[in-house]
Ligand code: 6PG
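Coming up is one lone chain in C-alpha cells, specifically the form predicted on its own.
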Amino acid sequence: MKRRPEAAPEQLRIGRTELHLVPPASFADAGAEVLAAVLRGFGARDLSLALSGGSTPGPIYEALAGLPGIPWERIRVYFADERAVPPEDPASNYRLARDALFDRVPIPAESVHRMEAERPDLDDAARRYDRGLPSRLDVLVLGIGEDGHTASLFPGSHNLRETARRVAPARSPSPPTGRLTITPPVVRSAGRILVFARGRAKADVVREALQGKADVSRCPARLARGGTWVVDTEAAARLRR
C-alpha cells in the first residue's frame, strides 16, 4: 500500500521517547504503518502482541488489516485491558479488535487470547489471565485518556503500586466501571511499546506524560515514556519543541 506524501510523519525524540508527529487526516494510516514496521521487524520468529481498545486504535487496526507482509500466523494476541462486558457488547475491547482486525486478517482463532472480563469474579478472571500471559510481551499497544490513564490504570489507582500481580481487577470512573487491566510490571517489561494519541483534547495530557513532572500516580501514561508515540499534530500542540 503506497502512502500519500502528506501521511509521512515527522520524527522527533523527547528524552527516551521516539515521537512520530502526523497530520490528523493521516493518523490512522501512519499509525498502522509504524505498527506494521514493528511487527515485520521480528522476522520469522513468533511474537506476542497486546492490544488496547478505545476510540483511537480502531481505525489504526482497520488500516493495519490492509497492509502486506505481517506474519499473522506467528503472532499471539493478548489484551492490555478489558471492560466487564460480554465479548459481543459494543463496549468490548475484544469486539473492537475482532471487527476492525481479526475478521480481516489470517490470524488463527487460537492465537487470540481475550480477557474474560464478563466473569462474575473479576479477581479470579485476572489470575487466570495472568497465568496465560507471556513472561514478557514483545509488543504492547497503548492509548492515553484525557485524564492520563493508559490501559485501565487510572490516576490514583492502587494498581499503579502493584509489583507482583501482572493482571488485576480495576475500576473506571466512567461506565462500564468494572475492568481487567495489566499492571505496571507488564508495561515496564514490554519489548516495544507503541502509544497512539490524537485530538486537541489530549494536548495537555500528552505534554504532561512526555514533558511534565507529575508522577505515575497522577499521570499513569508516564509508564510508557521510552516507547514509540504516534501523535497527531493536535494532540502534540502543547509539546515544547
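On a predicted model such as this, the values are computed, not experimentally measured, just so you know. Quick note: we count residues from 1 along the sequence shown, nothing fancier.
Just so it is clear, the following notes concern the form predicted in complex with this ligand, a form of the same protein that is not shown.
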property: Gly54: touches this ligand in the predicted bound form, heavy atom cutoff 4.5 angstroms; result: yes
property: Interface membership of Ala117, this ligand in the predicted bound form, 4.5 Å heavy atom rule; result: no
property: Contact label in the predicted bound form: Arg166 to this ligand, heavy atom within 4.5 Å; result: no
property: 4.5 Å heavy atom contact, Asn93 and this ligand in the predicted bound form; result: yes
property: Candidate stretches 128-136, 70-78, 99-107, 142-150, one within 4.5 Å of this ligand in the predicted bound form by heavy atom; result: 142-150
property: Residues within stretch 173-205 having a non-hydrogen atom within 4.5 Å of this ligand in the predicted bound form; result: Arg179, Lys202
